[in-house]
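Next comes just one chain, in structure tokens: the form predicted on its own.
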Amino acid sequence: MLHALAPLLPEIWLLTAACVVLLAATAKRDAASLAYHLAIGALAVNALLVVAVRPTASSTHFFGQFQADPVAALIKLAATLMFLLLLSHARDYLRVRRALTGEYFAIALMALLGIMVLASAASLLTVYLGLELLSLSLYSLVAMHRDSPTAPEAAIKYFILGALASGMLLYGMSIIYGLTGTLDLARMAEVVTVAEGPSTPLFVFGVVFIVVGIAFKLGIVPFHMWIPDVYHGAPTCVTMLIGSAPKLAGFALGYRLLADGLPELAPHWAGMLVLLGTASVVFGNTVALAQTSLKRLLGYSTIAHMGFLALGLASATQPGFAAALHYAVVYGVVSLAAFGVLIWMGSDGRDADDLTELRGIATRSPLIGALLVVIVFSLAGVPPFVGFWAKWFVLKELVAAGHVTAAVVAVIFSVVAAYYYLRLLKLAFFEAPDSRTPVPETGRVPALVSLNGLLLVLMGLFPSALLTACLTAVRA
């Protein structure tokens, strides 16, 4: 029995740890500090467990509901390491604003558990369970800062639109279930393969709703409307969380449902993803040009970047899936660094959000200036930074799959994106600062962001390591 549960050890551990952290949050003294240290310890152990039980081949467990494979292990490990950085930033951000509570860390662990369940989903039931566990946790985190004038509104918008998207996804899954008679994704793929006329209107109709649900969770056009408002309204530490690790969950959702469950219908869902991904790259980069809020600018930038991730999935090949997974990991790390700089700039208790706050920041803090160069060039896809390799691998597989027009449009609007990205460097390096007060360059937040920036540099200098890991995982 224990041997059968071994692949589920990280999930069992994390669920137990989340409950313990929630209990610790009720302590009468230093509850938030205790909850934080327990959460950090739980994440460290979780990372070790993921590595210890990582499989070399795919296998199913728990009555066919849970799939252990290298793709799931890679997603879980990357998400866990991101959460280690996320919670460290969140503690400092919330403590300065006197909003630090132990419940934040318990809910964050539940969000990570949702990502991990989704990554190992082997049936429609497990897919929906992981997705809702993640979604409900994120809604709660956005709404936790009740004294904020914008967070409750952002949480309500996020919840309503998220519930609508979940309903559409569930409707599409129910149609496919009705046609195949199974919840098991592997069995579903077999039934669709042997079914007479797998391209019948009912199959395509179900796939449309599934793609709508995936598109919303990724935040791609035209299901992007929640991203700018939630990014702008949520506390920066929560925006940092939403903009990083859950993108891995978005990839997992698409990969499990489309690549594992409906590969025979690839001509249909791939065409939809090409259209939506291209529209996202165009819309996100165009609207970002007009933004004066840093968080809204990063929100529209996310829409464009998730368009690239969708284009990777649209190639419908193993190298294409690997490129999409690589893109999700890279974007998560870059997003952590970008929002880390915003938290650093607001270390005096205010939220740094206006573009003008970047004026002369490189003069006030040369370290922030250096990190901005790495972050901006990575987001813009300037070689040899890591963002260039992520885009290059996606475009390469997109062209190989025959979607040349989409690849050309993506390249053109990546050049458009360079304008608003480089504007950030212009403000930081070539304009006079509004204040001569130096920004602190010592302490926990500067150290965390610097470590993040160093990781980006190493990923850019040695891009093959992560891509090889993604290719190996997808092909296993």
Partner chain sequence: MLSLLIWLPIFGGLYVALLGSRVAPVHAERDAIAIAALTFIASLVLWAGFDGSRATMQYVELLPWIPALNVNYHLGVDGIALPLIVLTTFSTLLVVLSANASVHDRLAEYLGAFLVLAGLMIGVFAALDAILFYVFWEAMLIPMFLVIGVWGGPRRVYATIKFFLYTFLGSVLMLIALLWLYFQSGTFDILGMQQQPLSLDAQTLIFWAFLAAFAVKIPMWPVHTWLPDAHVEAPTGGSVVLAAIMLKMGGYGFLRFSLPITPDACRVWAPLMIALSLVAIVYVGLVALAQRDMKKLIAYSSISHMGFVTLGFFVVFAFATVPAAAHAADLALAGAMFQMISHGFISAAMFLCVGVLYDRMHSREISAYGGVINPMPRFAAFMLLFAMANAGLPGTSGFVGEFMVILAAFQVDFWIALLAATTLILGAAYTLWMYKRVAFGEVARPAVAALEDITPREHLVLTSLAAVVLLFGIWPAPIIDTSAASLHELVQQVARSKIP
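Numbering follows the first chain given and starts at 1. Bear in mind that the values here come from a model prediction, so they are computed numbers and not experimental data.
Below, we turn to the form predicted in complex with the partner chain, even though it does not appear here.
> From the candidate stretches 83-91, 117-125, 370-378, 273-281, select the single one in contact with the partner chain in the predicted complex, where contact means a heavy atom within 4.5 Å.
Looking at the partner contacts, the answer comes out as 370-378.
> Just checking whether residue 392 would be counted as a contact of the partner chain in the predicted complex - the rule being heavy atoms within 4.5 angstroms.
Yes.
> Give a yes/no on whether residue 384 approaches the partner chain to within 4.5 Å in the predicted complex, heavy atoms considered.
Because a heavy atom of residue 384 falls inside 4.5 Å of the partner chain in the predicted complex, the answer is yes.
> Please run the contact check for residue 202 against the partner chain in the predicted complex: heavy atoms, 4.5 angstroms, yes or no?
No, residue 202 is distant from the partner.
> Against the partner chain in the predicted complex, would residue 160 count as a contact residue? Criterion: heavy atoms within 4.5 Å.
Heavy-atom contact with the partner chain at 4.5 Å: absent for residue 160.
> So the partner chain isn't shown here. In the predicted complex, which residue out of 232, 187, 268, 396 has a non-hydrogen atom within 4.5 Å of it?
The residue in contact is 396.
> Which of 53, 34, 422, 45 has a heavy atom within 4.5 Å of the partner chain in the predicted complex?
So the residue touching the partner chain in the predicted complex, by this definition, is 422.
> Kindly confirm or deny that 155, 292 and 298 each have some heavy atom within 4.5 angstroms of the partner chain in the predicted complex.
Zero of three within 4.5 Å in the predicted complex.
> Using a 4.5 Å cut-off on any heavy atom, which residues of 147-179 would contact the partner chain in the predicted complex?
Contacts from 147-179: none.
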